[in-house]
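Take a look at this single chain in structure tokens; it is the form predicted alone.
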């Protein structure tokens, strides 16, 4: 928890990240966007309190929040649950908004005292734009009720603000997250267009698990710690990861090509623009090269000057949200 006047907040399916301080030297704090429901006993509640484990009592269960939920889930071979899925609040989690409020409280502090928070929202999914309206309004309501002055920023635009100051905030920001991939073209910090694709890291984990016989948690661990792009793998899990990574990257590029296939959507820019890639799903070695190779197969009516990766893929969105929040003070 911090007492900074302006805070950038990345609300991702997998992680919540805050950024505060200055544009040039931001400080980040992270909380897992997950929870674990354990059977209630008074003894366990007392033990959790003594260990300072973030939790609450709800419906006869102990709800362990954030980073501690994953630690206990791994210990007891359980699966954590999430208040969000595919980039948006999970409609199948009836208590999701209340749990999200508790998670945000542990990260930001329960009393906003009028501080400005700029939080990230995805681009509208083409198949369900109404879900974004519910997601954004609910989160704004939670933060406002906690006493914060809440603004929003598109996730792809946040990456442009974080990474493309040298091009005067002009370029294409592409985030590969856990629940969604987001694309935003910005010109002089103004969004020209944005959209999201509901295939991302979770899709890769679940699909690779389904074809390899491993559980999603095990697949996620392999993806994060030992997977890299290396052509054909004999290892079944890594080969499945390669295939579904290609599927996700290709889906993003196809969506971009489809959007730009309509003449009215083609921006009239006077320069070639850079592409900056961010997000936790973009972190395996060789991702940028694979993205670039697949992008070359698409004939886009948009001149690309270069493709670069974020220096800090996990925190880039929060940093961009901080840039936006500081600009409004």
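Positions refer to the first chain, counted from 1. Nothing here was measured: the structure is a model prediction, and the numbers come from that model.
This next part talks about the form predicted together with a small molecule, which is not shown.
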Partner-proximal stretch of 295-303, 282-290, 61-69, 267-275 relative to the small molecule in the predicted complex, 4.5 angstroms, heavy atom: 282-290
Close approach of residue 202 to the small molecule in the predicted complex, 4.5 Å, heavy atom: yes
Interface membership of residue 104, the small molecule in the predicted complex, 4.5 Å heavy atom rule: no
Any non-hydrogen atom of residue 244 within 4.5 angstroms of the small molecule in the predicted complex: no
Residue 176 within 4.5 Å of the small molecule in the predicted complex, heavy atoms: yes
Heavy atom of each of 8, 116 and 189 within 4.5 Å of the small molecule in the predicted complex: no
The single option of 180, 161, 153, 249 touching the small molecule in the predicted complex, heavy atom within 4.5 Å: 180
In the predicted complex, the one of 238, 220, 140, 81 near the small molecule [non-hydrogen atom within 4.5 angstroms]: 220
